[in-house]
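Have a look below at one chain only, the form predicted on its own, in structure tokens format.
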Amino acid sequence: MAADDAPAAPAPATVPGTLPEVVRELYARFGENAFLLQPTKDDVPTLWVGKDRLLEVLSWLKTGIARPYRMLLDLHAMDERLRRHRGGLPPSDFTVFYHLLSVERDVQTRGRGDVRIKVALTGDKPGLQSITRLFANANWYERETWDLFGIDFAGHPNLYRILLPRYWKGHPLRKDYPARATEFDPYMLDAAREDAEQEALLFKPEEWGMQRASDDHDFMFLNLGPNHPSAHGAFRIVLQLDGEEIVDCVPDIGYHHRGAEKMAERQSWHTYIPYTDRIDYLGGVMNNLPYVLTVEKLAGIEVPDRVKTIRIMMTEFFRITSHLLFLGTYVQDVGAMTPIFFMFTDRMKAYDVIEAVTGFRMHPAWFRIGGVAQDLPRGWDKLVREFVEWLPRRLDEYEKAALKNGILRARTIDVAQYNAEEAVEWGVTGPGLRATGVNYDLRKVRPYSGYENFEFEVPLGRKGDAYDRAVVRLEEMRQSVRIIKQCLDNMPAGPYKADHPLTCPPPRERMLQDIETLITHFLDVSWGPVIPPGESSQLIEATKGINSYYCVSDGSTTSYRTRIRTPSFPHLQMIPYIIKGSMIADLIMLLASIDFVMADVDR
């Protein structure tokens, strides 16, 4: 029997009362010998299961268990072939992992609502059964895993490349695939190759189950994007139209793919921080936060309260700047021009504060492993106070002038609706989920970085339509102002970095006085800190939904595997489900209300 067909080895003996609830439930249903329980630094219950029992286990977790795990939060893989510190895990060349989330369980148990299931695969052409019939949003995740790792998913309806073009050779996240351009042969584009690449870009409706014509008339196929103002980035949607009605559509992504996860394998833990800014490039330091929190778990670093509060204040500033851009372009897509100029003025005021504190505006890369780059400058409180006193009045004006405008309401109310059950099925998080009435915000449900010490409300919608998604974000800005005011009035004293040998870089004051700290500074900045072996992840409530980093350390100065789960990726996948049968004008409002960034989708 092949290793990937065999049941996983039994879990180590553990006192039953100390096991997470979901592990006890799985043991009771399938038997303890069906799993191997893996310890991780993030305390997410992580179990290995044989590939022959995978579908049975996932199906039971979604539909059979009390308080089921209805959301597939993430699905991806890892090349294990060069990993040295595996700690008795099953033999594996490649590992596929499934991160499931139970919103109901999370709310009731305050942060214990997820489980990670792993499957070991061997051989150069690994394969698994597709779970697209079980989780609708598994479609894109399996395509991405095939694209980047070459793992086949039997039964998948359209297992084509998704981030890379059809003509691409190889699977880039495998360890034997080069990580630098200098390792490739020089790129040459002759006429024959250009023709072949252009041919590969042609859309063939039959591949996606579409008909070119019905019995009485032909359908039109229209490319919206990848260069179109309402596409909000390098994003293409191929529409199947019957007049103005959308019969079906196929979102086409990958035009913005830069290989951020591959880059993590050749950057030190420290020097990778600026790359995170460019994921949701409107989120600034919001992107740094899940990454540094994940690395701090791996390193065993506990940051001071001042660091936590500074981080919260700056991430909420970026939540405001991101939402202001969303609201301006949202109103612009309806046809109004004036509001976006006012909203950009307010964004500039926010960036003035951000620049004064961090030295940069959009991409500060300011958070550090164990702290922040430097302490708050003199006069920061005056600038912050001026902004939080300025913005609320402006938000009131935007609500009156834009969101209560009759034309906007007519274009967005009851348009592009989905309910809470559909949102969970497709992996929708953030304002898109809360617009359906689901009271789920990670800052409340599983507080991180000190959010448990702040008072704020979670804005909710009712209908889950394009209008509610805008109203929720407007109210979120008011709550962000409320949080920033609390940071302003209750900023703790103390250091801006943790006193820990793996804090990178160490506090400069000590580096100038202590030779041991100077040596550590030199090594950590030039080579990077050596993070102990282990696995960890951190979920945060980012500007567009749940953003998470899942990092694997093999005890070196670089990450062995960095998985970035972004909210925009599943949000775009849901477009065909929502928009079929609607008009083209409704699609424009759906795209505007999603609030996506293509770098957040493609990474």
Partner chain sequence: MSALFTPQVIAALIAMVKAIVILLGVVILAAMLIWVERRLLGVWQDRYGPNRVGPFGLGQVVADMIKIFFKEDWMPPFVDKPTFVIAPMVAMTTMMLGFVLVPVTPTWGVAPHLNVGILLFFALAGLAVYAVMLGGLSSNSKYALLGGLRSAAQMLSYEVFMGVAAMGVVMCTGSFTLADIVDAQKGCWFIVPQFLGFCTFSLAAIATTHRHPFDLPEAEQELAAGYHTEYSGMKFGMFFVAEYVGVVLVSALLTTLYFGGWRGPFVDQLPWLAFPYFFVKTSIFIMLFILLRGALPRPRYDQVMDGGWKFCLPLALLNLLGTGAYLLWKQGG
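Residue numbers count along the first chain shown, from 1. All values derive from a computational prediction rather than experimental measurement.
There is another form of the same protein, the form predicted in complex with the partner chain; it is not shown, and what comes next is about it.
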None of Val384, Val481, Val415, Leu298 but one has a heavy atom within 4.5 Å of the partner chain in the predicted bound form; the exception is Val415
So which of Thr338, Gln198, Asn490, Ser214 gets a non-hydrogen atom within 4.5 Å of the partner chain in the predicted bound form? Thr338
Quick one: find which of 490 to 498, 445 to 453, 507 to 515, 214 to 222 has residues within 4.5 Å of the partner chain in the predicted bound form by heavy atom distance. 214 to 222
The partner chain contact in the predicted bound form: Leu590, any heavy atom under 4.5 Å: no
State yes or no: in the predicted bound form, is some non-hydrogen atom of Leu163 no more than 4.5 angstroms from a non-hydrogen atom of the partner chain? no
Would Leu408 sit within 4.5 Å of the partner chain in the predicted bound form, counting heavy atoms only? yes
Is there any non-hydrogen atom of Pro229 lying within 4.5 Å of the partner chain in the predicted bound form? yes
Can you name the residues of 572 to 598 that have a non-hydrogen atom within 4.5 angstroms of the partner chain in the predicted bound form? Met583, Ile584, Ala585, Asp586, Ile588
